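Heads up, the chain below is alone and in the form predicted alone; it's given as structure tokens.
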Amino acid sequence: MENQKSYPYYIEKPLEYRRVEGFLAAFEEVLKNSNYRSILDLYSRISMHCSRCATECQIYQSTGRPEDVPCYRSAILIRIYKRHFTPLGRLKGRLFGSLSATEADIDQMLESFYHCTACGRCTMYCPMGIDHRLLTRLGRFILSKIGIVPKALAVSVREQLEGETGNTSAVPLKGLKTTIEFLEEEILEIKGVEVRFPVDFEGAEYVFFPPVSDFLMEADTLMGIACVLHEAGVSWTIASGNYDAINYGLFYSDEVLEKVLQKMAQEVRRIKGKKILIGECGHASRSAKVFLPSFNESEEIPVVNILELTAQLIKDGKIEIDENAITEKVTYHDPCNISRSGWIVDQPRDIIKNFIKDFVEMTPSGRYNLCCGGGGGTVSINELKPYRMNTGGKRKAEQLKATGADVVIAPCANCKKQIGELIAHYKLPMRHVGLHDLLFTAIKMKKQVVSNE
């Protein structure tokens, strides 16, 4: 569209006129209906000029632009808050007429907020503990309320919340069932054991939610997960009313975040499940683990990531693995959304040490890992791909190359896509897989089919 040429990403119906007024009205609405004000009050009293975050931000290290320093980005939003939503700021504005929000601020925010991958690494190094990732999310949330949100995210969310299929990839239930039948046939052919993907089994301990894109592109990941659950005798099921763990609300809208999580919780209650089991995806896991307790008003539903469960099953001796099945040199990428808090760091390594002999760590790794370069939803925005390759993912590509690995385990759906594209872009001599892809190769299958009926 003609009026979109000035935007760094495609937007369906952006507000073209009186954007400042619209932004301030949206900001006021968010403050009225949330608890962001107390956080902003705190941050507005803290200096954001030390730039310690710049030394650790891989975006800034690639560009050297002041606009890409996390505290510079956050300071835009804090300045607008102080000027328009605090008594002293409003008084100064009336007396001196300075520091008011401008059209230039809107332009800078809509570009800068989506240059950030929201990896949270900067907060690890901030001496004042400022959560720049949170401020980036808040800025995106306010912009979305005046129509400024990447079309790629908006369209997927619309199909998930309003469409016939109810998921971000528009996979119909018939298509899902056809896919899992194919996966069952593949497992039988490769492993020689009948393994089922149960659907709508009432009272299962775990209701399984992978990113729906896994059903289209990550067959080995799903087959590996199914084999692990089957061999360990775990009670699990897929819910026919909602089989997508993707939650783009985490990237740009608290309202979307809440609706997707409530939809997930309702489906668990419908089939009387006891726990939510998320696939290897990082952002889907963090969305459910961190935010479901805030939005689920009914009985608490525990959230478990498959890496946690598999690690425990191996520890309990319920899974046997061929320790000679994987001979390649392997490294592991820590997805920001599950590693930054320290939640899932040791578990995948506990799994790896059981059957991968030639393993090399990235530097840095664990909580301090480098982002894949496509975090914060940017990997889903195709028009940002050149930026993701040449800027956001540049340091990650260098880090991957330095390992000398043949295989990189990237257990997050978004990370897989980004790292796969980095490997192709930089012609790196390696392939990317999920951890359960390798487990599918190495797991020893002994049990016959277990009926859930």
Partner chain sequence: MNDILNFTTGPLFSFCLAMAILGSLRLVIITIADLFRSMKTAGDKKLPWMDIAIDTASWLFPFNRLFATRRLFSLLSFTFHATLILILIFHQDHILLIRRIAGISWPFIDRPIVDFLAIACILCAIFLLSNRIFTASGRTMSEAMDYFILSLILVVLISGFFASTDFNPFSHGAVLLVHAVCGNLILLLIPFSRLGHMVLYPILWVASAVAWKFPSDSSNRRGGMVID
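Since the structure is predicted, the reported quantities are computational estimates derived from the model, not experimental observations. Positions refer to the first chain, counted from 1.
Unshown form predicted together with its partner chain; subsequent notes refer to it.
Comparing 345 to 353, 208 to 216, 250 to 258, 229 to 237 against its partner chain in the predicted bound form, the single stretch with non-hydrogen atoms within 4.5 angstroms of it is 250 to 258. For the options L313, L134, V155, V193, the one in contact with its partner chain in the predicted bound form, meaning a heavy atom within 4.5 Å, is L134. Taken together, the three residues S339, T441 and M445 all stay farther than 4.5 Å from its partner chain in the predicted bound form, as judged by their closest heavy atom. For the chain shown alone, L428 is not a contact residue for its partner chain in the predicted bound form, no non-hydrogen atom being within 4.5 angstroms. In the predicted bound form, V69 approaches its partner chain with a heavy atom inside 4.5 Å.
Of the heavy atoms in C126, some are within 4.5 Å of its partner chain in the predicted bound form. Taking the partner from elsewhere, K145 is found to have a heavy atom lying within 4.5 Å of its partner chain in the predicted bound form.
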